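Just so you know, structure 1 and structure 2 below are the same protein chain in two forms, each on its own as structure tokens.
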Structure 1
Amino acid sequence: MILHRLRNYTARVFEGNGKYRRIGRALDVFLMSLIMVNVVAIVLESVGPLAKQYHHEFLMIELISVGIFTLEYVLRLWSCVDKSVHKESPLTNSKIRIKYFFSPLALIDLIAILPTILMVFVSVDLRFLRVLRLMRIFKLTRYSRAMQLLLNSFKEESSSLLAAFFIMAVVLIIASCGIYLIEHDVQPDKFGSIPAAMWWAMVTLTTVGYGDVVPVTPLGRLFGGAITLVSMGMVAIPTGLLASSFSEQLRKRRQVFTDAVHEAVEDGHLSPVEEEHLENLRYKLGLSQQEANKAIHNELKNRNRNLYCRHCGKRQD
């Protein structure tokens, strides 16, 4: 029975709603900080001299972190059956756990601890495995609204972006074939095959332009010049799509909050329950305290200026 209540308490804290908000957020901040410390440590560990000098410290950070992450993973897996969304679920506990186990966030959590566990138990110590630990940066997805925004942008514009990338692929193939035909005989080491020429084409079409591989014949430079011109168009299309979509996502997010505020202030004042609800929404949407206050302030001001109809509550513009 005690175990049952403990499990329920754990689930509440991870969710961070209601009276568990304070402790839930503290836990979030702690775990985010730990992830960042880990990422910095792994990056610095790749520097030879530092790795030698602070070998012990890096090992301590790693072991403690993995310990905490493992504990977190186990607790999440154990308490997931008590999540509010499963309250009325007809699934058995084990089925919920299996479903949770294969959810993307849980898999990321597992991948974050796996390399170290492998290194410790199987006693392999490969650089590949050590760098793989950086995958735990994806654990931030759970907390980061920015990443969710970007994912939403990609999802919304997926068909347009696919169209843009298809065009890019066609242009890439034409560019690399053209330069291969023209420059192959003069620079066989650099334009030895079409896949090799694709490196030049890619670097040019994205306007990165390293300059390690460049056409040298007059015809090659004429063709290359035409491709640099095309590159401007290639950059323009995804830029326009992503930029407008990202702004749109941010606008929508603010709109959701503004709408909720409007609903809450309809009766002329903010009750503590409404405030609590808005605060939760603000946190979930990743808006800053300042932005939220401004939105609430504006909404109250608009109400007084009769911007909304007193009868039907609809905006009058």
Structure 2
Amino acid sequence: MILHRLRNYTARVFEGNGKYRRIGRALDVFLMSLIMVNVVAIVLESVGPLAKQYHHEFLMIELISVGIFTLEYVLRLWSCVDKSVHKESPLTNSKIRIKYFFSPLALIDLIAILPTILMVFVSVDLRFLRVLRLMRIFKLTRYSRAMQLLLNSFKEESSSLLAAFFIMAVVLIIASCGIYLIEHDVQPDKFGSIPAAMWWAMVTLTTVGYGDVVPVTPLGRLFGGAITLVSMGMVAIPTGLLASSFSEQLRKRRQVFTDAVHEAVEDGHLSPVEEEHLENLRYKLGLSQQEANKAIHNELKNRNRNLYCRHCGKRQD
């Protein structure tokens, strides 16, 4: 019974709703700060002199961080059965935990602690290990509403983005073949094959243009200029799709909050329970306090205006 209550409390804290909102937010801020400290430490550790001078400090940061991340991962896996979304679930506790174990956020949490565990049992290249440890930055997707918006944008526009990348792949092949035919005889060392020409095509299509491989013939330069002009429009397609989807995600979240405010102020005022519900929803949707206050103020103003007759000023029941 005590374990069940403790598990339920842990689940509520991780969700950060209701009376657990403050402690949930404090936990999120602490974990986000710890992740950033880890990222900075891992980056600085790649500098040889710093790694030797502060070896003990880097090791302590790593061990303490992994200990905290491991505890968080175990507690989340243990308490996931008591999350609000699973309260009415027909699945057993073991099936819920298996489902959570393979969820994207849980896998990211696991990746955050695996490198150090591997280092204890397996001999791993330190450079490879350092890159794996940097994957901890993806844990921020759990706490950052902006990252969640971006991931939702990728998910909603996945088919459109795939179509755009497919077109870019076709243009890449055409550009590689074209420059290979034009420049192969003049620069066999740089355009000796179509795969070798793909490097030039890639940097040209992405409008980076490193300048290490460039066409020298008049026809090659003309072809390169045409590809550069085409690339400007090609790169803009996925950028425009993501920007539009990101804006739409923000609009949807604001609309959800506005609809919730409309229901809450149906009687012309907000009760403490309704204010608590709206505050939880605001935090969940990642809206600022200013946006929320503006939505509530406008809804109350419109509602109170409709409660009274504009001709006689009497309240309309």
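Predicted, not measured: the structure shown is a model, and the values here were computed from it. Take the two forms, find the largest set of C-alpha atoms that superpose within 1.5 Å, and that set is the rigid core. Quick note, the numbers are simply positions in structure 1, starting from 1.
### Task
Assuming the other structure does not fit, state which one is the form predicted together with a further copy of the same chain.
Answer is structure 1, the other one does not fit.
### Message
Is the shift of Ala11 between structure 1 and structure 2 large enough to count as movement, that is, does its C-alpha move by 2 Å or more after the core is superposed?
### Response
No.
### Query
Is the C-alpha displacement of Arg25 equal to or greater than 2 Å between structure 1 and structure 2 once the rigid core has been superposed?
No, because once the rigid core is superposed, the C-alpha of Arg25 moves less than 2 Å between structure 1 and structure 2.
### Query
After fitting the rigid core, is the C-alpha of Leu71 off by 2 Å or more between structure 1 and structure 2?
No, because once the rigid core is superposed, the C-alpha of Leu71 moves less than 2 Å between structure 1 and structure 2.
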